[in-house]
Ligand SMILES: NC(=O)c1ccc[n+]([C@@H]2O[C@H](COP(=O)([O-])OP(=O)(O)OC[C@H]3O[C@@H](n4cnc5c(N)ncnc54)[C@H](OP(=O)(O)O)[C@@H]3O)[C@@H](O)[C@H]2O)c1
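As C-alpha cells, one chain now follows by itself in the form predicted alone.
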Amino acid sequence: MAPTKIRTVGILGAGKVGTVLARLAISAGYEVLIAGSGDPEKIALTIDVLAPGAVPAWPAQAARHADLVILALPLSKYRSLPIDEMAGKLVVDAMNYWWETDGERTDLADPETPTSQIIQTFLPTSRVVKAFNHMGYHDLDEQARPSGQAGRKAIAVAGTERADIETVEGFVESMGFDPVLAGSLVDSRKLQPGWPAFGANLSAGELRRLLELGPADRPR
C-alpha cells in the first residue's frame, strides 16, 4: 500500500483541539472541512473566528470528502461517528478518555485496552492511527515550527500499516512538528493519560526517551 495523498482534511469535533488543528492544517495548505455534532450553521461563526478558511460541514460530509479524517470529539461520543462515510478512510484518533467529560466509563477505562483499538474495532473498514492526543491544545497552537527550526517539538504516531504511519508522519511534519514513531496501535496506550508521554511538549529525542518508560516511571 502506498502512502495516501492528502489534499482535504476532515475534522470531526469543533472544540478546542479541533479548531487548533483546523488552523494548523489551513496554514499548511490543506483544504479543511470541520464538523460539530450537528447542523454546520451552528458552528459557522465560531469557525469563521477561530479557524478562518475552514468550511463547516455535517459530520458525514466532512468524512466523505476527506482524504484524512481527524477525530477530535469527546471519546464518549465515538458511537456517533459516520461509519459508512469513513469506510476505507485513513483516520487520525486525537481523542482521550477524560472521566470529567466522558463520565465514568468502564468500557473506556481499561488500561490494557488502548482507546484507539476500541475506535478501530468500531470502524472496522477504516485505518486508525493515533496522533495529536498527547500534547495540550495550547501547546499545539503555539509550538508549531518550520522544519529544521531550533526548539521544534515532536508528536508521537502509533499505527498498524507502514504506509499509513508514513502518511501521518508526513502530515505531522507539515503541521509544524517532528513525528516520532511510538509503535503499533497496541502501543498507542503509551500516549494516553497515566503514561509518561502524555502531556509531552518536547523535542523528538526527549519524547523518544519518555516512550521507553512505563506508567510507574512517570516523572514527578
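Note that residue numbering begins at 1 and tracks the sequence as displayed. Note that this is a predicted model, so its numbers are computed, not measured.
The same protein also has a form predicted together with the ligand, omitted here; what follows describes it.
Checklist entry - With the partner left out of view, is S184 within 4.5 angstroms of the ligand in the model of the complex by any non-hydrogen atom? => result No, S184 stays farther than 4.5 Å from the ligand in the model of the complex.
Checklist entry - Even though the ligand is not shown here, does G13 get within 4.5 Å of it in the model of the complex, heavy atoms only? => result Answer yes; at least one heavy atom of G13 falls within 4.5 Å of the ligand in the model of the complex.
Next on the checklist: Quick check on A197: any heavy atom within 4.5 Å of the ligand in the model of the complex?
Outcome noted: No.
Next on the checklist: Please tell me whether any heavy atom belonging to R145 falls inside 4.5 Å of a heavy atom of the ligand, as the geometry stands in the model of the complex.
Outcome noted: Looking in the model of the complex, residue contacts with the ligand do not include R145, since no heavy atom lies within 4.5 Å.
Checklist entry - Which one, A35, A54, A158, I155, lies within 4.5 Å of the ligand in the model of the complex by heavy atoms? => result Residue within 4.5 Å of the partner: A35.
Item to check | the ligand in the model of the complex: contacting segment from 129-137, 116-124, 84-92, 145-153, heavy atom within 4.5 Å | outcome: This holds for exactly one stretch, 129-137.
Next on the checklist: Suppose contact means any heavy atom within 4.5 Å; which members of 40-57 contact the ligand in the model of the complex?
Outcome noted: Heavy-atom contacts within 4.5 Å come from K42 alone.
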